[in-house]
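Just the one chain here, the form predicted alone, laid out as structure tokens.
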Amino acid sequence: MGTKQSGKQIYKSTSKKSDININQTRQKSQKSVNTPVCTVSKKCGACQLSNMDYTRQLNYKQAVVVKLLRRFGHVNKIIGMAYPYHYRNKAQYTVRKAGNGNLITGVYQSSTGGIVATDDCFINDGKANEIARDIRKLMISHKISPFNPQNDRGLIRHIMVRKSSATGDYMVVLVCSSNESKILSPLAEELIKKHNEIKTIVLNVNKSSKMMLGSLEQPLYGNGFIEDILCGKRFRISSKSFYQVNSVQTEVLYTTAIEYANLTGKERVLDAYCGVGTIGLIASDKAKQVVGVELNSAAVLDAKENSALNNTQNTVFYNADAAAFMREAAEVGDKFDVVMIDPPRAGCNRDFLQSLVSLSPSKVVYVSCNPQTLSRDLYFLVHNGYKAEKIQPIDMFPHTNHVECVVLMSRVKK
């Protein structure tokens, strides 16, 4: 996908939804869309490009990627969204009491420790915004105080709302300073009556301000998770699950990556940084075997659960350091045809890249959320026996300066 410039290429989703014509999506997304307007963009700072219309945003991101990656090969035209608003299926709100005594929900600013109040963030899911507003009203009627970090008093620190784009189900997470389920249960009951789309409400106890979520939690309503369908596979989402926040573009991203791998059913695929197994499980239908490696033990457990949920027989997941895993595999002659990598923004460290080169797969499909570190890593791979075949930017986070890329690297034949 994205390698032909004639405008005839079709993106075929593996989900049950109708096929998506990428050309049509691009054409729609490149029309200037000037609504809705954010009223707190200058104070908030989360959407760094909100002063540009969407066409200019795409052009800007395209230029950034071209500048950084054109030395490695042709950069395809960025794939944008038809409707680049209210796309986030995970919304987080900090709750505080304002100087006038009113409760506010909004975006936490780490630089000042303050809150930018907003009732209708235009990149968060619209229903999530509504749920957060109603929780705030219910806190007032039930006399539940927000947590005050200045005196360590109050109960509710944050509100998290997660949505299954496939089913329309919602999860609400109340992040609290202590375990007060008896106090919160009446609020939860009223919230369910207002929003029957909510399938579970979770109490998460976090006694520290350093992290969003604490380790202790219990369901106040439901079973503590929801399920989503992505590229035809089911995934269980809990409060702590890593899951891409833009469902529409994630299907484009992952389908592009798997198409670039060009699997025939005979390949062994290594999914490094596998997380909860999303890319690997989606690729499993077209591969002989998929091996996932992830350092986060909780994510590996989620990956195994997701594999069982989809009755996948040709996947295996290991809790291990991916660099060490590849190095050991190379030492014993264990072969992989394709390695798929989706690292954090910091990219791949030198140890990982050296281990990857030692493993010497025929293809590397690199999914990146940071073109700067991607450029650095591609330079290493190009100077160690690989060449870039395809480069596809994808706009996963409209109105922000972030841009994702999928790159196909192939081993140069000696």
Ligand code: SAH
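Predicted model only: the values in this text are computed from it and were never measured. Residue numbers run from 1 along the displayed sequence.
Not on display, but discussed next: the form predicted together with S-adenosyl-L-homocysteine.
Within 4.5 Å of any heavy atom of S-adenosyl-L-homocysteine in the predicted complex lies no heavy atom of residue 99.
Proximity of residue 342 to S-adenosyl-L-homocysteine in the predicted complex: non-hydrogen atoms within 4.5 Å are present.
In the predicted complex, at least one heavy atom of residue 254 sits within 4.5 Å of S-adenosyl-L-homocysteine. A residue is said to contact a partner when one of its heavy atoms sits within 4.5 Å of a partner heavy atom; residue 294 meets this definition for S-adenosyl-L-homocysteine in the predicted complex. Between S-adenosyl-L-homocysteine and the residues 279, 303, 269, 128, the one pair within 4.5 Å by heavy atoms in the predicted complex involves 279.
Of the residues 273, 147, 225, 87, just one reaches S-adenosyl-L-homocysteine in the predicted complex with a heavy atom at 4.5 Å or closer; this is 273. The stretch that touches S-adenosyl-L-homocysteine in the predicted complex, counting heavy atoms within 4.5 Å, is 294-302, out of 69-77, 88-96, 294-302, 101-109. Along 309-328, residues 320, 321, 322 each place a heavy atom within 4.5 Å of S-adenosyl-L-homocysteine in the predicted complex.
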